[in-house]
Each structure stands twice: as structure tokens, then as C-alpha cells.
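We begin with a single chain expressed as C-alpha cells, specifically the form predicted alone.
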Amino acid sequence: MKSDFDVIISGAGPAGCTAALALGSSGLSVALIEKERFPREKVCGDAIPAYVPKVLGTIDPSFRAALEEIEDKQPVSICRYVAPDRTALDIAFRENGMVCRRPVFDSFLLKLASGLDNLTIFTGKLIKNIRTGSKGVAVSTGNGEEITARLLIGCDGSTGVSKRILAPSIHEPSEGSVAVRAYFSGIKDNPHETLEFHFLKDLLPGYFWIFPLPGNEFNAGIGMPSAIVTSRKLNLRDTMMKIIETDPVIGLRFSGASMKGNIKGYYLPLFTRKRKISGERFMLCGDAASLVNPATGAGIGQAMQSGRYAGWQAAECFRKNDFSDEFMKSYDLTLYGKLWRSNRNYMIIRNLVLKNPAVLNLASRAGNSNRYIRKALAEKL
């Protein structure tokens, strides 16, 4: 099998597949390397923002049309914020988002990418090492193979080899968040097509979520900053079960529910500051670039945006025959130019609103009484 390519993409999640799609018409030979075999489970909240179809559509309108044909997804039209005093504020999305289990969504993206003539997909191959030099990049897999290219796009997550070797100081664990989630059926009193965020006083600035799935099933979980989990010595699985069993409101809704499988946890590398996410012959995307929303924990949309920009930047590198650290800065500038302002606003919300129960209560009541506030909030979703 071919072992020398123009571009290597490590990781076939949303960022990696989107990067591959963005390179589909480039004429470049691309290797997409993934350690798992699909369909594979990915611990996540499963919520996909409304702008994701647009991201695919800017690459190729047929990709957006294909996404809209997925049947195993739940449309969502409302985001409900429940303040510590249990005041609920419903904000209507300008465009519907969706909730789709990650094995379904990720397999869809990989299948979409597999139709590209210039792409070779390697699944079940763990990258053990990456070497960069003046002429290119070489990755070594777990079974002793070596695959080479002139450029690498790292999309293999917050603990992946790309970040660990190419940008080891990009992120501190204390800058992240920890989350646990499980699947349920039989939850009661569910609002129609609604993402629910419950800001319980003892969880702030974290929250308890309930997201609807097809077939009257739900993704429910807790997300909290890792520094707080550590300082309070919390076991989030135990905390989640305690809420489900004893909370006077949530407990009633879960009283007849059945959990499907186990509670599973994961780490979220938060977008808390600008970082150097590229260098000579490489770029980092998605969780490898620490792009998770610091207030909501959302990461799929930012991952796909970063993959798209990385693919476009890679094509430009070959057009200019320039893979230098200086030329790669265009990727950082483009990505942060598109994402940083909105992310900075979410950081302000996290630091000034989500940590303060009184402010959350006031914001919820104000939003319910003032349609202009609701409209302003809707524009941020």
C-alpha cells in the first residue's frame, strides 16, 4: 500500500474528516490515519450546532445535503437555561441544531470522506511517533510501518501524539473541564426539541445537561472545570447519580428512567487563550488545539471549522511551496480571527455569570421579562 503522501491527517473525528473534505478538490494525495475502527464510541454530549451544515456547505454543497439526509438525529430548536432558583429561560435558536450520537455522526463524516479519490484511509493504526524535518514529516505506527508526507494536520485529540510531540506546552490540565455522561430512556416532562442546561448551585460554574435523542432517549451528564473538580475532590459519577436520585426537580423526572450502559467520563481542553497551534510542516485542529467552548463545553463545531481552515491552508502551502513556521501562522490568524471574539464573550459569561447564583437567577428572570434580552441571547447561540 502507498506510504508516501502529500498530507497526513492524524485522527478521523470531525476535525480530521473535515480537513480531508476540504482537501478533496486539491489534487493532493492525503492519508487519514485513525487508531480506532469505525463505528467507534466517542464520549460526548452529542449536540451539534446549527452552523455545522454551513461548514460542510462551504466545502461542497453536496456535503451539506448529505448531512440533512441523516435520519438518526434529533432536531433541537430551543435552549433552556434553568437558574439555581429553578427559573427556566427558553431561548429559540435562529436555526435548528441537532443531537446525534457520535458513532452515527462520525461514521457519516468518514463515509463522506471515503468517497474522495485523493484520500487513503488507515483505520486501526495507532501513531506512535512523529518526526519532522526540512523535507517533510514521517509518522511511525504501532506495527512498525512508516508513512511520510510533506505536511501533517494533527486532529487526534487532547491526549494525542500530535500535540504531545509537536506542541507539548500548548495546554495545562488545569485549563480544561471534566465531564461525565450516560444515556437514558424514560425521562419525564421533557420540553419539545430542547437542550437543557441546569445550573445547580453546588455545580457552578458547571451544569447538569439533558439533551434529547431520537426514540425518546437522552444524553444526560455533568460538566465542571477540572480545577474545581480537583480542589473539591469530587467524583463526578457519584455526583451525577446523587442529583438523579435526590434532586427535588431532576430526581422526579428521572424516577422512572432507565440508564443504558454506564456513566463515562472525558476531558475537555478549553479554549481559554490563544495558543500557537501550528509550526513548520504542521497544524493542530479540534481538541488537539484546545478549542472547546469554555462556558458550554461544545467542541464539534469548532473542530470542524478548524479542520476546514487547516485543509485550505494546506492547499495554499503546496501552491506556494512554503511549509515554514512563518507561513503556517496564516492558519492561526485565520482561525482565531473567526473564533476568538465569540469565545472571549463565553469566557466572560463563565467568569462573571456562571460562578454567581444570584447573577444567574437575575439573568433568567430578566430574560423572561424582556424580549430584547432574549433576542440578544439568541444571536449568541
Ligand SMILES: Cc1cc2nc3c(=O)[nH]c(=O)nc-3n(C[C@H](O)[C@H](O)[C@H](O)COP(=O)(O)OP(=O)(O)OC[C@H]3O[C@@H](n4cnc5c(N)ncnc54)[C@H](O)[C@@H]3O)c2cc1C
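Model, not experiment: these values are computed from the prediction. Counting begins at 1, following the sequence as shown.
Separately, the form predicted in complex with this ligand exists; it is not shown, and the next lines address it.
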item	value
Listed residue that, although this ligand is not shown, lies within 4.5 Å of it in the predicted complex (heavy atoms), from K73, K163, R102, R281	R102
Listed residue that, although this ligand is not shown, lies within 4.5 Å of it in the predicted complex (heavy atoms), from F199, Y266, F108, F184	Y266
P84, F218 and I250 all contacting this ligand in the predicted complex, non-hydrogen atom within 4.5 Å	no
Candidate stretches 112 to 120, 165 to 173, 281 to 289, 251 to 259, one within 4.5 Å of this ligand in the predicted complex by heavy atom	281 to 289
In the predicted complex, A88 touching this ligand (heavy atom, 4.5 Å)	no
In the predicted complex, W209 touching this ligand (heavy atom, 4.5 Å)	yes
Contact flag, M241 vs this ligand in the predicted complex, heavy atom cut 4.5 Å	no
Touches this ligand in the predicted complex: A310 (any heavy atom, 4.5 Å)	no
Within 4.5 Å of this ligand in the predicted complex: residues from 68 to 96 (heavy atom criterion)	none
